[in-house]
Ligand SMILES: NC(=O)C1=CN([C@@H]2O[C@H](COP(=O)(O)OP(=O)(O)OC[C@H]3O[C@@H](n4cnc5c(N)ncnc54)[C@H](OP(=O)(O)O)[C@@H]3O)[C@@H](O)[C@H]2O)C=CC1
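Only one chain is shown below, in structure tokens, and it's the form predicted on its own.
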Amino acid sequence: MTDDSDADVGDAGSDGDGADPEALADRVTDGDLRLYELDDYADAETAATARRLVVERDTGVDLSATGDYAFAAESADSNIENMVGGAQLPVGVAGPVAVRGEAADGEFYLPIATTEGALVASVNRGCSAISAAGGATARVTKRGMTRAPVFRVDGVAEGAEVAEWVEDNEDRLAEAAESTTGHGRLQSVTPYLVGDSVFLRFSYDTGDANGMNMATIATRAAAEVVEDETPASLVALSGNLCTDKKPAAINAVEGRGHTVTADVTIPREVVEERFGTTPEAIEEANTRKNLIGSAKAGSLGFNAQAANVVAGVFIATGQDEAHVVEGSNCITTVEARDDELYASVNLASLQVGTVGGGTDLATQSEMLDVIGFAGGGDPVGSNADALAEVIAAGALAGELSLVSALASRHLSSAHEELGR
């Protein structure tokens, strides 16, 4: 059965009170309704039940587990279409880990949703070592959600004129962009000229929101000004120079979302006690694996498993999980210093928010509350900054634990014991 999301709903429409999911499923099966039209004939819960019935009939699969979810169906209206239920993952907590950040200062649990055995235990070991050393220092050094539309021009000369106009009229573009939002602020517009294409990379401060939708809507308004005042013609609101949900060097260099760094200095005795190896062995493993190996592979991420922590926390706290692509832009450095080990992570493009998107769903909101930074911050943006700092500390914990396991040759035994 196919579902055409652009089809005309026609005269569909009802408050859905008392709707029978079996009868609605029959109408879909008979061709009277399409799956997406069920929302016009029933409340969100009933519509989801009816869809499950349709899918169960068509596939012969029992979806009772999928239908046993904890959140209210209507609360997910802005998050999903054609809802049939919920996908449930185990959630574990690592920590608490001590973090000394500008926005996050204290001890924090790190919720991780994953199906990978040994991951939470690994991160937990790193958190223990970091806390025993007095905590990780973390700082957000740059913020900016980006969107980069591409325009058509006649050639290089005309493109250069457009770029010059943009640079001279950034205040006008800011006025147009910021008229669409009460929270976003345009920080910069950077032109890139490639033949008869002009790319404009807009960067926004989006407060405590991830801000991707905010940036897109604001950029559309600014792009209209560019079209009105220059010869440029908009081709696509996203020209892939943003760059959204794809590996890209521009994100690793210029950043996207939050650029955040965390580091820690761990005494030799703590390294030996918690990790069963030495600072020198960890440094060598990191250099040969994360730096040389990553360079040889042409990787954009010079790290061991930053994506594991980023993905686990993203799913647990309602972030856009596809942004783990940018979140894996991480460089891990390690140095043996006399009687201690220095280690750091730099995540160039960590895209997080504590309001909007999936952060309002029941379990995700609970996990943000566990960390301590749900909802809007005071001042605005401080909660998103704090979440970024805690995630960076968690990524550092994961890096330390995994590289240490490799240095001590304990990785396979840990997975045999915990990962099964």
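Note that residue numbering begins at 1 and tracks the sequence as displayed. Only a predicted model underlies this, so the values are computations on that prediction, with no experimental measurement involved.
There is also a form predicted together with this ligand; it is not shown, and the following applies to it.
For this session: Only one of Val271, Met212, Ala316, Ala148 comes within 4.5 Å of this ligand in the model of the complex by heavy atoms, so just point that one out.
Result: None of the other options qualify; the answer is Met212.
Exercise. Given that this ligand is left out here, which of Thr261, Thr277, Thr216, Thr243 has a heavy atom within 4.5 Å of it in the model of the complex?
Worked result: The option sitting close enough to the partner is Thr216.
Exercise. Based on heavy atom distances of at most 4.5 Å to this ligand in the model of the complex, which listed stretch, 57-65, 28-36, 372-380, 44-52, is the contact stretch?
Worked result: Selected stretch: 372-380.
Exercise. This ligand in the model of the complex: within 4.5 Å of a heavy atom of each of Asp105, Gly134 and Pro267?
Worked result: Spot residues vs this ligand: no contact at all.
Exercise. How about Arg201: is it within 4.5 Å of this ligand in the model of the complex, going by heavy atoms?
Worked result: Answer no; every heavy atom of Arg201 is more than 4.5 Å from this ligand in the model of the complex.
For this session: Verify the contact flag for Gly312: yes if a non-hydrogen atom of it lies within 4.5 Å of a non-hydrogen atom of this ligand in the model of the complex, no if not.
Result: No - in the model of the complex, heavy atoms of Gly312 and this ligand never come within 4.5 Å of each other.
Exercise. Does at least one non-hydrogen atom of Asn251 fall within 4.5 angstroms of this ligand in the model of the complex?
Worked result: Contact with this ligand, no.
Problem set entry | Interface membership of Arg143, this ligand in the model of the complex, 4.5 Å heavy atom rule | No.
Problem set entry | Stretch 343-368 - residues with a heavy atom within 4.5 Å of this ligand in the model of the complex | Heavy-atom contacts to this ligand in the model of the complex: Val355, Gly356, Gly357.
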